[in-house]
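Below sits a lone chain in structure tokens, taken as the form predicted alone.
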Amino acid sequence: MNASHYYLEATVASNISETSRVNTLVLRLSEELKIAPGQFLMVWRPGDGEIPITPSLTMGETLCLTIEKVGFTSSRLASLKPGEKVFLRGPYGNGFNLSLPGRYLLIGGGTGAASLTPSYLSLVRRGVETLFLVGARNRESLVYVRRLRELGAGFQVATDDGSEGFKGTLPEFFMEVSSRNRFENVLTIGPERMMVKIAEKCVEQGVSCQVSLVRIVRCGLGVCGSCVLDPLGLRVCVDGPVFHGEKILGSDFGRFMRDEAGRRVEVVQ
């Protein structure tokens, strides 16, 4: 799918508080935007900077962005009020391959549950057997669960402290679920160290695993190199953000990334 490099204006219709650190913006677009599940948009406010975000829902001229407040730009975007404007360009990158045969297990940690929702809805509409695992540190940190219930999604919850659902991490829950049910395909978005563990287990089990990476992206066009995965030279913005796990295991995936100044720093989650 070709990316659009001009900016599309959007108006905030509502701002939904998911957790103390996460908000979902419901946007009304000036025209319909075609975006495949897993692709991302560059989201910009004049004076506030620009960041990549994978939409959590697209319905005609309505689009949802679920945003964690991790820095200046994301915090400003997550705090927008109804009637305020935001500007979008894209979509960029490669989304999930949802045409592979077999059953699908979707694993979303943190805001990953929101970003995986379009993939889940697409699979279910086609009658593909799909299970959604959602995880967080505790009940208060669970993201998008309320919306998933409204959509009638089939999902199960894991929390590190056991305050809701399975007690343990998502990789632990994945192992427990996969010991009882065979899934041919895994899609995951979340903290990189979590996804590394899931990808490693998938390789051991011979399961196809697609992971979506979130990195600092400046251009979205593959020019600046801020999102490169060393030593492979893969750029998250054009070669990803979705990769097959076995292809990037052993690279910077889950270990190192580039910061705002382009320095190679350790991945902390």
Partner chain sequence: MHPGMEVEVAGLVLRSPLMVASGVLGSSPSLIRIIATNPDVGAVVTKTVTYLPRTGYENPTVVDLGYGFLNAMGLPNPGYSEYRFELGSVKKGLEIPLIVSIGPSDEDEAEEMVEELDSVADGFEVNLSCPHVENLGVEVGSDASKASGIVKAVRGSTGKPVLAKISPNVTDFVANARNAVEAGADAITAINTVRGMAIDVNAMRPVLSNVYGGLSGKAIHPVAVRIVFELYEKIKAPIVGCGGVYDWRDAVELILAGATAVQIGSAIAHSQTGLKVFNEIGEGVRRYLALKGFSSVKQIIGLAHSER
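Residue numbers count along the first chain shown, from 1. Not measured: the values here are computed from a predicted model.
The next section is about a form of this same protein that is not shown, the form predicted together with its partner chain.
Trainee: With the partner left out here, if you bring back its partner chain in the predicted complex, are 68, 171 and 211 all within 4.5 Å of it by some heavy atom?
Mentor: No: no residue has a heavy atom within 4.5 Å of the partner.
Trainee: Considering non-hydrogen atoms and a 4.5 Å limit, does its partner chain approach residue 87 in the predicted complex?
Mentor: Result yes; residue 87 sits at the interface with its partner chain in the predicted complex.
Trainee: Using heavy atoms and a 4.5 Å limit, would one call residue 246 a contact residue for its partner chain in the predicted complex?
Mentor: Residue 246: no, not in contact with its partner chain in the predicted complex.
Trainee: Can you check whether residue 230 is within 4.5 Å of its partner chain in the predicted complex, heavy atom basis?
Mentor: Within the cut-off, so yes.
Trainee: Test of understanding: in the predicted complex, would residue 206 fall inside 4.5 Å of its partner chain by heavy atoms?
Mentor: Flag for residue 206 set to no.
Trainee: Pick from 33 to 41, 59 to 67, 213 to 221, 197 to 205: which stretch has a heavy atom within 4.5 Å of its partner chain in the predicted complex?
Mentor: Among the listed stretches, the partner-contacting one is 213 to 221.
Trainee: So which bits of 246 to 269 sit within 4.5 Å of its partner chain in the predicted complex, heavy atoms only?
Mentor: Contacts from 246 to 269: 258, 260, 261, 262, 263, 264.
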